[in-house]
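Only one chain is given next, in structure tokens, and it is the form predicted on its own.
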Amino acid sequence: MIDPVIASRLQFALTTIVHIIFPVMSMGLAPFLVYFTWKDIRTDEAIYEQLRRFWTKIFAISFVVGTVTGIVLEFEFGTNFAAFSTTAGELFGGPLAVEGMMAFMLEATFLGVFVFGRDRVGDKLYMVSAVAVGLGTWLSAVWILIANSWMQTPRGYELVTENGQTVVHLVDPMAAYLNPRFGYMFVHMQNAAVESVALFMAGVAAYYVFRHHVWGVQIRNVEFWEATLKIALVALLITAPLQVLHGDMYGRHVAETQPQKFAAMEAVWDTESYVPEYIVAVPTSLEDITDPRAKDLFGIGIPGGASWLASGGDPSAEIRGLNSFDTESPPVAIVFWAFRAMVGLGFWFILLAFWGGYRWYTGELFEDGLLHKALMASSLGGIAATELGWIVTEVGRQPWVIQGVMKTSDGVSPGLTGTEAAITLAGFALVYGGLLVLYTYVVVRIIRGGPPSRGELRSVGGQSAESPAGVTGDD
């Protein structure tokens, strides 16, 4: 019979891995939609209305599916992790409640105006609705990440006994909510979301640009896809280098506050100095795949790089090994390889960004078929890298659900049986898999349908965007 702890962890991992796709899309699209709306109102150029209307469809479906899958996650704290909820409810419940009452309601209230109200409200109110929807999306991340970051670096609390149960009592809300990890997580996550959407936009646009300019296929509204590709590249040129630079600071913070997680990220078992940072690591035996040890791997790395990362500039710095900790080690293989894959993707995105920027500079952006293929192949790479980052974050914290306070095995609902956990795991796998397939189908349909033609656009008042008299015409 399956262990209820393992089944509960697998269920939460499954639902989180699927759910995170939708907030990444909505959070990443939010700044683009605010920009498109502002340019649409300010310039009245048809291209910006096309961009706003097309990407709003994908934003809306991402918001809806993300809401459904996110609500289920909160229920899992009661069904599968009731002991954790009882212990940390005073701190954990507050941010989740505020997220629902403030951020979600702000976003949901103005989403209807933003999606359906362009011809029914004035420019100022419509612009306010765009900003409110984007702000609500990002505020949701604030409160969710406050809760999660506290689990990584708990502050502002004390443990007290109530009715024979040890619980977390909040004594300093500011210290708890603005814990040392929150700033790192928020910047890294939000930048990752924008980068992921930029890659997605660039990959989709590259497909149509490639077919038109390289294969010679006539594409309706090709100017739309050309503009999308350029805008996505600008965003990628900003976010890709920032993600790597901030990741360096984030990694140093992890080394200071969660040394066991950092040791797992680098597969350091014995305390040592001059630890290399492997950008590419190749196992020298089959055992190295499931039991990686830095000194046994063959790879392309930076001598002393991991020590330099941990210390902030000293390649001879000592890294504490996993064998020196009293608690059991995290699943090192998962953390180590996920971290390598995430970092490798991060550097690949930088290469893509500068490759595209160079081709744009030389006037060959639309003719470089190899670049188009690379962008198409990388269109979901940002989401994959985000998933890998969360795997490192959550699996690397094990065996703790609250770092240094409560182990994951102690947080599972005490009355939960292995059979019950296995049944719900299978059920969630079926339902979430179905939702993901349905979401993918709808998004693909939207992309295949393309943007509205110039002749289909309507300005406020119902007239065509092409002419005051309502004359229309397809491209």
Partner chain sequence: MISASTLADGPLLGLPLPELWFALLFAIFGTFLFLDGFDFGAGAIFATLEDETAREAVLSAIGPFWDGNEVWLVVFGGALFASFPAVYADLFSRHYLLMFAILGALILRGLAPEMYEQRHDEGWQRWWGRSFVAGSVLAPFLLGAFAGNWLVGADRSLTLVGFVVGVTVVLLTVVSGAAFLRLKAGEYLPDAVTAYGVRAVVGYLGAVVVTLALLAVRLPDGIDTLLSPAVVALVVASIGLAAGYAVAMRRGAHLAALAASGGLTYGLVAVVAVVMYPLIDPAVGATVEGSIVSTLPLNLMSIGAAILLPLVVTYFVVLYSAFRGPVEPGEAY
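Numbering follows the first chain given and starts at 1. Just so it is clear, the structure is predicted and the values come from calculations on it, not from any experiment.
Below, we refer to the form predicted together with its partner chain, which is not included among the displayed structures.
Taking the partner from elsewhere, M151 is found to have every heavy atom lying beyond 4.5 Å of its partner chain in the predicted bound form. In the predicted bound form, its partner chain sits beyond 4.5 Å of every heavy atom of W348.
Heavy atoms of T79 reach within 4.5 Å of its partner chain in the predicted bound form, making it an interface residue. The closest non-hydrogen atom of R42 lies beyond 4.5 Å of its partner chain in the predicted bound form.
Contact with its partner chain in the predicted bound form, defined as a heavy atom within 4.5 Å, holds for exactly one of A429, V34, V68, I447, namely V68. Put simply, of G357, G344, G305, G117 only one has a heavy atom within 4.5 Å of its partner chain in the predicted bound form, and it is G117.
The partner is not drawn, yet in the predicted bound form one stretch among 256 to 264, 295 to 303, 202 to 210, 168 to 176 has residues with heavy atoms inside 4.5 Å of its partner chain: 168 to 176.
Heavy atoms of no residue among I6, L10 and M376 are located within 4.5 Å of its partner chain in the predicted bound form.
Residues I61, F63, V64, V65, T67, V68, I71, V72, E74, F75, E76, F77, G78, T79, N80, A82, S85, T86, G89, E90, F92, G93, G94 of 56 to 94 are found to place at least one heavy atom within 4.5 Å of its partner chain in the predicted bound form.
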